[in-house]
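To begin, one chain is listed below as C-alpha cells, in the form predicted alone.
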C-alpha cells in the first residue's frame, strides 16, 4: 500500500462515472468537476481498478452525476468485482433504484448511498428541481430489500430548507432499516464568503444536540474519522453518521482516497482541480502513484 507525504495510505478510489444528472440540486459540487458529457470507457475503468487493486486499494465508490444513467453500470460493477474483494459502493439520487437494486446486488455491489435531501415534496423540489420524493423513497426501500447493506440516506443540511426535517428522516430510516448521513454543506475556501454559502451553511452541532437524548454509543468511520452516533431511537438501534468536512483538520488528515474524474483524470481532492493529472492508461499505476504523492491536506 502506498502512502502520501503525510503518511496517509491510499486505500480507496472515488470514481466519477459521468458528470450528468437528471436532478438539478442547486448546491451540487459535481465531485469537484464541471458538468460535461465525456466518460471513461469500460476498458479504461477496468485498467484504473486493476492498477488500484495492485497498489492495495480495497474500496471503490462510484459516483456521478448520476451513475445509474450509465447503460453499462452492471458491467462496470461486475468488472470491479474481478479485482476488488472489499467494499464496492455507489452514490445515487435513487430515481432509478427501485428497478435496479436487485440487479446491482447480483452484479457485486455491496451498498448504496442515496441522496435524500428533503422529506417534504415542496422542499425536495426546491432542492432537486424534480418532484420525485416518493420515487426516491421507494428506491430506498428496494435497496434495503435487495440486501445492499447498509443503505445510507444522505441529507446535506441547508439552513432554512431542510434543517427542520431531521426527525422526519430518522423516522423514515428507522421504518425501512437504513442508516443516516447528515452532511455539512461545503465550499472551497475562495467561495465560502459568497452569498449562497453564507445563506445555506449551518454547523451540524445542532443535530448532535438534538440527538443527545437518544445517544447510547459512538463509533468512528476510519475514512475522515467521521463520527457515527449509535442511537436508541424509539425502540430501535439507528446509526447516524456526521460528515462535517468544512475546514476540518481531522477530516483531511484521515482522508485515504483519490478521485477519478469522468474525463479520465486523477484528482487529489474535491477542492483541488489544480491537482489533477490525466491518466496514462499504458501506465495507470504510475498515474495513481504520482497523484498520491501530490496529495496534501486541505483546510
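Not measured: the values here are computed from a predicted model. Residue numbers count along the first chain shown, from 1.
Below: the form predicted together with a small molecule, not depicted.
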Taking the partner as it appears in the model of the complex, which of 232-240, 41-49, 28-36, 260-268 has residues with heavy atoms within 4.5 Å of the small molecule? 28-36
Quick one: from 80, 110, 162, 91, grab the residue that has a heavy atom within 4.5 Å of the small molecule in the model of the complex. 91
In the model of the complex, the one of 142, 170, 148, 156 near the small molecule [non-hydrogen atom within 4.5 angstroms]: 156
Give a yes or no for residue 138: in the model of the complex, does one of its heavy atoms lie within 4.5 Å of a heavy atom belonging to the small molecule? no
Even though the small molecule is not shown here, does residue 63 get within 4.5 Å of it in the model of the complex, heavy atoms only? yes
At 4.5 Å between heavy atoms, is residue 15 in contact with the small molecule in the model of the complex? no
Would you please decide whether residue 21 lies within 4.5 angstroms of the small molecule in the model of the complex, comparing each non-hydrogen atom pair? yes
